[in-house]
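The form predicted alone is given below as one chain in structure tokens.
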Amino acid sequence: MTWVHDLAILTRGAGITAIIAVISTLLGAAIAFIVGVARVEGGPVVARIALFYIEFMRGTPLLVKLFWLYYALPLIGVSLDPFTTGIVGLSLNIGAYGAEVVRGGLQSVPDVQIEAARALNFSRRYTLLHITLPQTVIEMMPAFGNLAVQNLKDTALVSLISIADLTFRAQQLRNITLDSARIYTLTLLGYFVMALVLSAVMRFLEHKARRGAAFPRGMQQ
């Protein structure tokens, strides 16, 4: 087999990896904001539930969670296909780490601003949506960019639940060709290129967000 043939097969796997990474990152970001806000604004009971979720997800290996979702969950009557299992597992995992980013961002807002909002009789929801979050989202983006890249790398684990991603394809090719150097070199380069693209996208979004914050609507040309 040639480099071109191997690259074509790995590219198909990389496409699956990219889809799983993008979907799980977006879902994980949504989970992160919900859980992070719950930690800060949810009240004692909701905050403790959110904390348990965060600590459980951060304290257990992603691989074991994927195995549990794929092999153990069907025993209680819930069966997920491998693709869905991979996305769910990755989303729940990155969501827990992202929730701490959100919590830290919300708690970094000076208390004087919260007190001023209360003095003006703003509701907690209005304060959160229009005062707290707009200030912190931009500052969270570098951390979320790091989590997105980490999530991309974590997708390699879904190959162990029969998803034909980049790592799965690499293992197949390596078993056929026995050329570990060539196959895994191409695989490393594939992940590296995807990570570069993802990092560039996150930096672009951060730049646009900061530019929008610097020039509020009505002042932009």
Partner chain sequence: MMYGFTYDTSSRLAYALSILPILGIGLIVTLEAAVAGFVFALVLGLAWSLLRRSRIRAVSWGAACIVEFIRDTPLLIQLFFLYYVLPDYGVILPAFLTGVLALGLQYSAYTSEVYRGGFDAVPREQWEAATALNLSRFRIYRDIVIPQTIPRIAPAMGNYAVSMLKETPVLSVVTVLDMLNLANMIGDRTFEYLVPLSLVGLIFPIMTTLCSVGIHALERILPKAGVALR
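The model shown is predicted, which means the values in this text are computed figures rather than measured ones. Numbering follows the first chain given and starts at 1.
From this point on, the text means the form predicted in complex with the partner chain, which you will not see here.
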| item | value |
| --- | --- |
| Interface residue in the predicted bound form among 157, 31, 38, 164, criterion: non-hydrogen atom within 4.5 angstroms of the partner chain | 157 |
| Whether 63, 75 and 188 all lie within 4.5 angstroms of the partner chain in the predicted bound form by heavy atom | yes |
| Interface membership of residue 176, the partner chain in the predicted bound form, 4.5 Å heavy atom rule | no |
| Partner contact for residue 196 in the predicted bound form: the partner chain, 4.5 angstroms, heavy atom | yes |
| Heavy atom of residue 149 within 4.5 Å of the partner chain in the predicted bound form | yes |
| Any non-hydrogen atom of residue 171 within 4.5 angstroms of the partner chain in the predicted bound form | yes |
| Contacts with the partner chain in the predicted bound form - residues in 46-71 whose heavy atoms fall within 4.5 Å | 56, 58, 59, 60, 61, 63, 64, 67, 68, 71 |
